[in-house]
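In the block that follows, a single chain appears as structure tokens, in the form predicted on its own.
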């Protein structure tokens, strides 16, 4: 079961059953919909490393998702 945590939001962690490894770009929209979080730009972290949307998510992963913030 993959766990997705949407940081800097009030959303509870989302737990999704994965039958097989799946790309982050397929998993994240499902998790955001379940958490009722609007998914804009984001930075995803797994095991202390940034994960891009094309990377595979394994069933036992914990993914931390932070909104991408910009400023000047």
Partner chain sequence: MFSILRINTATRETRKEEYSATEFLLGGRTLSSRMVSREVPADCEPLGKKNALFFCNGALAGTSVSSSDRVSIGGKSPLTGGIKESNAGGVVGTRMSQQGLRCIALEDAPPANSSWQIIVIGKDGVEFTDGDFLAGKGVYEKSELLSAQFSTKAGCITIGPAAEKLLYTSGIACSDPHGVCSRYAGRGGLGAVMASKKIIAVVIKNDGEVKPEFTDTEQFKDGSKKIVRLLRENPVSSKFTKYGTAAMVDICQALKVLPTRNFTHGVMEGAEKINAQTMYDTIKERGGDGLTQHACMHPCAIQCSNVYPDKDGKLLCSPVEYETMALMGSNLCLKNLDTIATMNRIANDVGVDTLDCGAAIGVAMEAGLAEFGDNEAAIRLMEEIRNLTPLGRILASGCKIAAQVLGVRHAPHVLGQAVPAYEPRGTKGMAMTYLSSPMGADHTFGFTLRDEDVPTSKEGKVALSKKFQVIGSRMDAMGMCNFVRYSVRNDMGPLLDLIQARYGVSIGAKEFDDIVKETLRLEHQFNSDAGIPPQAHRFAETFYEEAQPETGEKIDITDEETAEARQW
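Source: prediction; values computed, not measured. Numbering follows the first chain given and starts at 1.
The form predicted together with its partner chain is left out here; the points below concern that form.
> Its partner chain is absent from this chain, but in the predicted bound form, do 10, 38 and 43 each have a non-hydrogen atom within 4.5 Å of it?
Result yes, every residue of the spot touches its partner chain.
> Is there a heavy atom of residue 20 no more than 4.5 Å from a heavy atom of its partner chain in the predicted bound form?
No.
> With heavy atoms only and a cut-off of 4.5 Å, decide whether residue 1 touches its partner chain in the predicted bound form.
It does not: once its partner chain is placed as it appears in the predicted bound form, residue 1 has no heavy atom within 4.5 Å of it.
> Listed by sequence position, which residues of 43-70 have a non-hydrogen atom within 4.5 angstroms of its partner chain in the predicted bound form?
In sequence order, 43, 45, 47, 48, 50, 52, 66, 67, 68, 69, 70 come within 4.5 Å of the partner.
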